[in-house]
Ligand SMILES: Nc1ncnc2c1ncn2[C@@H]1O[C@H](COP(=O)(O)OP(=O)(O)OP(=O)(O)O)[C@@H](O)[C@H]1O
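In structure tokens, one chain follows: the form predicted alone.
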Amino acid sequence: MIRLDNISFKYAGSEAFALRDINISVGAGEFVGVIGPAGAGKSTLAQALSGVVPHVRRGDFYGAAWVDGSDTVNTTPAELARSVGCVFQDVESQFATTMVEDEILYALENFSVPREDMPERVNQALLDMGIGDLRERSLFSLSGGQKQKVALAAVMALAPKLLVLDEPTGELDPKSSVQVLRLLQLMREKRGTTIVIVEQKIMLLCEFADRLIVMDKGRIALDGSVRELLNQPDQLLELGVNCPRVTSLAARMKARGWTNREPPINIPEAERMVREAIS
């Protein structure tokens, strides 16, 4: 689904590279989390997958990026959008209408979804995101979290092959954040959707992602399964990544010889680890 071969990118007018020598391969149906400190290049990577870099955010682009069989340099973002759904941090910049229902319809109309299919898709998207009561609201009257849900609903209604999301839970409360990640997981299970998500809520991400990519200063510092990376808490901390508390707890318990378990990736696993140690 995704192949990035030696990608480097420098924004116009900038001396520093935002991305350096990026090599990534992501298979269809993978759920990949991208983490790292501020300024690591995570958002630029997400924009490169959608074609925003280098078509909209211009600069010096090197290497080759292939998404769903298309070369992103020779394919416009509009063309890529037929298979790639994106939600970026500044969701307001993505809105094309002023009303919630119109925003979802606009996306469907833009991609020639049959008119008879539109009502069901709109209703399902609103239901999935839990915003059915906002259907007739003005986008300008919504909170930041509500706007984020509308942007997600508009993209998910299109059922893209690939979803690229840049901190989609940034404005959401814990309950809504879990709802979004569960919905993404369901899309992958039912439709085979490939998901690449930039996320700061690492504990939440670890419950759903298969794989983590850690970025630092425009490069890929670590790339592996969730458990593989959680087994390297010291390296994560050196890179400015806050490890989940259950991971830090496991590392301290292992150092004292209290457990030989793999690092837990959720609360139930951590509970079992502690109960075993106590018993």
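For every residue, the number given is its place in the sequence shown, counted from 1. Remember, predicted model here, so these are calculated numbers, not experimental data.
The same protein also has a form predicted in complex with the named molecule, omitted here; what follows describes it.
- Taking a 4.5 Å heavy atom cutoff to the named molecule in the model of the complex, the contact residue among Gly41, Pro233, Pro244, Gly33 is Gly41.
- When you look in the model of the complex, the only residue of Ser83, Gln94, Gln200, Asn110 with a non-hydrogen atom within 4.5 Å of the named molecule is Gln200.
- Of the candidate stretches 33-41, 244-252, 64-72, 223-231, only 33-41 has residues whose heavy atoms lie within 4.5 Å of the named molecule in the model of the complex.
- When contacts are judged by a 4.5 Å heavy atom cut-off, Arg57 counts as touching the named molecule in the model of the complex.
- Taking non-hydrogen atoms only, Ile22 never approaches the named molecule to within 4.5 angstroms in the model of the complex.
- Residue contact check for Trp258: none of its heavy atoms lie within 4.5 Å of the named molecule in the model of the complex.
- When the named molecule is considered in the model of the complex, Gln124 lies well away from it, no heavy atom lying within 4.5 Å.
- At a distance of at most 4.5 angstroms from the named molecule in the model of the complex, none of the three residues Val87, Thr98 and Phe140 contributes a non-hydrogen atom.
- With contact defined as any non-hydrogen atom lying within 4.5 angstroms of the named molecule in the model of the complex, Glu167 is the only contacting residue in 149-169.
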